[in-house]
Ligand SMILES: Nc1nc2c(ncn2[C@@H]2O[C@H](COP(=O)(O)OP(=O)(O)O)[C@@H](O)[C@H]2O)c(=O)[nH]1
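As structure tokens, one chain now follows by itself in the form predicted on its own.
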């Protein structure tokens, strides 16, 4: 389940990516700094079960900090988008190709209005950030539309000949875009179309594409550069139909760098930080940290972590699950306690978890054991958030 970081050039996408992953990305104040997609690992927070079980954990894929597991998610910082990218303008083709693998999108918007439509810097407040939200949605809708419209009559004829349902035909057309048949079906219900696809107009097809985008590529808006944004801009963004999160990627990156340097204690997603040795800070550093502290108090944090967790837990509806080999000791075969945390779609079953751990476990699944209750469960046992599960398979 990858999360795409998207938006027009020069709005802070690469800063957001670096703040979320602490991986290097080229950052500069000019359009198209990012040409090739950056791919890295961010983390969402989960509650480690070790305290409940009264054991010490030995994390493998997900670090534990004072009872908080940092569960990995893959982030893609894609090339900046300009108007008519779906027709190949700018780096449009590259952007849309990178977008294929993303299951959810975090749209970075310059809430201060200091970046024009093509990514050129301008005076704060000159550009309306609402235009950027509509623009990106329009680009994706027209990209989807272009995939369907040119072959639409052929698709309809083929469907009629093969006797396939339109949902399946559309899903096959969107193969490679990480959009499921269930998401297509949900989009069709919302679009309220004529039962006969041959009757659909181009406008109706475009409307369907918009619903497919909402269902298959759910998106939130990170209102970046909020420290420079006017109240009017923030109020207008807050009225959008999508989730909008006040954000300062620059502040998050500064805090993580300061924490790494040992200057302060900061857990990503927290609404405050603690200075370790204030005497080591110069006046400029203290002034900058005071400004960041005021921002965090006003907005409840820098917004970066909230964006990631909203995308993973709310939009994609994933839950953390902890597979172990020994349900009594909570260990894997190396003896590590609660080593791994996996994010699974809410409603997943025990066999699907087995496949997530290893294909052989799924193929040879016999049963599972709930480590809390010690109850034996079958392949169709529905997982719950923070379940600790042992998979028993044929060897």
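Positions refer to the first chain, counted from 1. Keep in mind that this is a model prediction, so the values were computed, not measured.
The discussion below concerns the form predicted together with the ligand, not included here.
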Notebook entry, point to check: Out of 310, 215, 207, 228, which one falls within 4.5 Å of the ligand in the predicted bound form, going by heavy atoms?
Noted result: 228
Next item on the list: Consider the chain as shown here, without its partner, and state which of 137, 250, 131, 118 has a heavy atom within 4.5 Å of the ligand in the predicted bound form.
Entry: 250
Item checked: the ligand in the predicted bound form: contacted by all of 8, 12 and 15, heavy atom 4.5 Å -> yes
Notebook entry, point to check: Taking the partner as it appears in the predicted bound form, which of 193-201, 310-318, 281-289, 219-227 has residues with heavy atoms within 4.5 Å of the ligand?
Noted result: 219-227
